[in-house]
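Single chain ahead, written as structure tokens, the form predicted on its own.
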Amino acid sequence: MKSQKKLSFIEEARRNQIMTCAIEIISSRGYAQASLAQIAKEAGISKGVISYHFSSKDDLIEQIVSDLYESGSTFMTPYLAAQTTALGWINTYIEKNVLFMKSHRKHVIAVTEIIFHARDEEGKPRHFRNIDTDATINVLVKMLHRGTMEGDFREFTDFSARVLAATIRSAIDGLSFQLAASLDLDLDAYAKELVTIFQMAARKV
């Protein structure tokens, strides 16, 4: 990553422009087509301008991924903090995740492309610092156990809670593929159906 000095308004605007153009190319043409030359052409600038703001394509890609996850966290946090029960928390977690993906469609598609196709120097899938699926699942597991204590959910073992938590996360992550395949997907209905499925799986019988 380039220097951590505070960016000027113009520098910040240029970085955002470059990232937006990279997201456009990756989401519409695929990760393999997102060379610095193509990104520069899309932005109407030279490759040298990109190199001034990002040390490498890897640096640019890292920032695109980080920006999505940081934006998602900023969006989700106040909604989740306002919930007073585990049931409300998980319902909100599902609904607002889908809402965020709806409003950041191209960015979500681009990051999905990146995650599945970016490789490190050894040819292995790249690890991105903002992605910690295990931590997310652990939070969901805790909420499922809390919901049991509050009387809203059935009894869970640690194993069964982890299975359901992983299923919730996978259902949300899997939406990114459908975003790319179906432009007219009804995301509001999708969110409601996911909440219904979750409630049926977690409810007391």
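Note that the structure is predicted; figures quoted are calculated from it, not measured. Numbers follow the displayed sequence, beginning with 1.
Note that the form predicted in complex with another copy of the chain isn't included here; everything after this is about it.
Although the partner is absent from this view, Phe116 contacts another copy of the chain in the predicted bound form, with a non-hydrogen atom inside 4.5 angstroms.
Using a 4.5 angstroms threshold between heavy atoms, Ser160 counts as touching another copy of the chain in the predicted bound form. The shortest heavy atom separation between Ser170 and another copy of the chain in the predicted bound form is within 4.5 Å.
At a distance threshold of 4.5 angstroms between non-hydrogen atoms, Ser28 is in contact with another copy of the chain in the predicted bound form. Partner contact region in the predicted bound form: 124 to 132, out of 80 to 88, 97 to 105, 67 to 75, 124 to 132, criterion any non-hydrogen atom within 4.5 Å of another copy of the chain.
The partner is absent here; in the predicted bound form, the one residue of Ser55, Gln178, Gln38, Asn138 having a heavy atom within 4.5 Å of another copy of the chain is Gln178.
Along 187 to 205, residues Ala189, Tyr190, Glu193, Leu194, Thr196, Ile197, Phe198, Met200, Ala201, Arg203, Val205 each place a heavy atom within 4.5 Å of another copy of the chain in the predicted bound form. In the predicted bound form, the CA atoms of Asp132 and Arg105 sit farther apart than in the displayed form, by at least 3 angstroms. Annotation: Ile131/Ile137 CA-CA distance shorter in the predicted bound form than in the displayed model, change of at least 3 Å.
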